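Listed next as structure tokens: two forms of one protein chain, kept apart as structure 1 and structure 2.
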Structure 1
């Protein structure tokens, strides 16, 4: 089969933009699962809460969805800390972090989805912004702004988060807490409070990712299920604790899915991308940037 070069180039570019969005969706699970060893499968529910928050405020106040996502991060941060406190007192304090903890987050996922259905119904919801429709054209390249702007802002936000983790005491404590909690106590740091702050950050990223999601496509309450497998796959492929690795994994997955969807149909994209994940992990079990 002859391959249209222009179509291939645009598929690769679309995959790069999609990868930027996947990075925004996956950063929270990289923190909670990779750094804290908390398998928060309810992360997509919090992302959708961010989407619906953007929808409500955009419709009522006509504010930019991305601005709404940024403004809502403190609210989601407090929500994340509250969820971790409940998880800690119910499970982690007693050493029940496996099946019971997984059931806890599955319950949160179910409750979150059902709550959104009861409040908003099952109809698709969307936001309005001046950049959702137009595209930038450079020769044969077609760059839809609804993908380009979230991608750029996502990478900038993750860069700021990486700087925070690398250059602040709290950030370095978050990186260390899952490796050696008692050592942190010797430095007068409370591992539980460090994990609470880190989990709050992981949920806070959901508001921004949710705003990106509803910009890229209309949403309905069950759409979050499509991302559960992807975000864990990206986290593992990136090396669990590495945000740069997570970005690389997101871009690889985005490009693979985009090329597959372009030439073989969208239904093949998830199967091919996860097949690629298995091959990559067989070649490098620790992930692309794992230690």
Structure 2
């Protein structure tokens, strides 16, 4: 089979851009699941809430969706801390996090999705911004701005987060939690407070990720599910706790999905990401970057 080279190059580049966006979507789960060992399968529901927040404010105040994503981040941070409190008091404190804890987040995912259906219905919603539509063209290359801008900002934001994790006291404390709980107590920090803040950050990232999502494609409540497999695959494949590993995994998944969609049709794309997840799980826990 002769593969059209132009098509292939464009598919790879689109995949790179998609990967940058996937990194924004997966950073939250890398913090909560990878670092804190909390399997928040409800993360996609929070991301969709981010999308709908961007939609509401964009429609009423005509603000830029990415700006909305940034502004709403503290709100999601507080929401995340509240969810952690509930989780901590109900499960983690008793040391019983297994089936019940998982069922809790599964319930949360479902309640989040159904609530959005009740409020917004099942129609696709989208936002308006000047960069949705136009593309940069370099010869045969076609770079849609609605992909390029989220990708660039996503990588910048993750860079900032990495800087925060390795240079601030709170950030280093979070990394200490992810490696070894007891060591943290030697630092005279309260692990529960640290984990609460870290979980808050993991949910806070869904504000911006949600805004990116609704810029890239129109959104309806049930599309969140497609992201469960993606984000866990990326987190596991990226080595659980490493942000650079997570970015590499995101880009690989983005490129593979993009090539599949280009050459075999988009209806096969979910099989790719979830097939990826199964492979990633089989490799666990070393991931790409290893530990």
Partner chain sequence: MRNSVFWLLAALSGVAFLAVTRALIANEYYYFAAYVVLQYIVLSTGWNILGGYTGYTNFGTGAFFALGAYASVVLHKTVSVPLPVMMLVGGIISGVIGLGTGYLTLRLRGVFFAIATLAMAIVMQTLIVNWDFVGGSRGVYIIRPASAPIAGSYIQYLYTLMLVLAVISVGIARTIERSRLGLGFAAIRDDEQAAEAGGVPTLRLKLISTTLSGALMGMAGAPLPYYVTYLDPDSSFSLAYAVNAVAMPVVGGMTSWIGPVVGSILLGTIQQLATVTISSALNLLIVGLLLIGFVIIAPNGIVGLVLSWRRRARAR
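Superpose the two forms; the largest set of C-alphas matching within 1.5 Å is the rigid core. Numbering follows the first chain given and starts at 1. On a predicted model such as this, the values are computed, not experimentally measured, just so you know.
Structure 2, rather than structure 1, originates from the form predicted together with its partner chain. If you fit the rigid core between structure 1 and structure 2, you'll see the Cα of residue 277 move by 2 angstroms or more. Core-based alignment between structure 1 and structure 2 gives a C-alpha movement of 2.5 Å at residue 267.
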